[in-house]
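Here you get one chain, nothing else, as structure tokens; it is the form predicted alone.
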């Protein structure tokens, strides 16, 4: 059985929560899935202070004492993760942004490989698709396999026609997500992600040492010697591109002769 956890970025238990429940009902009716809804406002989340202790020493040294680690553990224990938010001022909600900010160091030290992600945005008139793109970008940086999300338009009062349209969108979304959830968890990486991996590794090797948490994290994961973030067989083209990147990045890192 697969576990899917939806993180909902609104205290209002109306349209966004309705969309999430429709989506989860869809995947549960079509597959062997159990789900959990996590309303972020039910948890204690403090705003990031920008002290960068998590970057330098590790997230366990963060001076904020809240429920961040509880929420991270829920993601780690899930096969699939959903971020759902209303459109507030043409961006994610405040509580969702606070949550994402608390995951900032994980863009340097990604860890959600093998897990499927999707987003749900509920808008009044427009702006939702751009928010979906932002959520996809964040999720990819955290290591998730991203599945195309959905944007639902919901005005008060929500008409029956609008409900039927939203339900159709979310039903198709559920099918897409369930299909991705059933696929092998560690696919061959897209070329752009392979390049991100090689450039990130080169940057860490060039600029950091054993005193930096990013360095020790990558070292302990074995990423300084691996082809990618997770075990995968690269094709000939991918190997060639990766090798060329490593070569040029290594040359760039060499100190320039002094005049």
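Just so you know, these numbers come straight off a predicted model, no measurement behind them. Numbering follows the first chain given and starts at 1.
Same protein, other form: the form predicted in complex with a small molecule, not shown, and the subject of what follows.
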Which residue, 141, 114, 104, 124, has a heavy atom that falls within 4.5 Å of the small molecule in the model of the complex? 124
Heavy atoms within 4.5 Å of the small molecule in the model of the complex: which stretch among 183-191, 169-177, 141-149, 80-88? 80-88
With a 4.5 Å heavy atom cut-off, would you call residue 14 a contact of the small molecule in the model of the complex? yes
Any of the heavy atoms of residue 22 lying within 4.5 Å of the small molecule in the model of the complex? no
Answer yes if any heavy atom of residue 154 is within 4.5 Å of a heavy atom of the small molecule in the model of the complex; otherwise answer no. yes
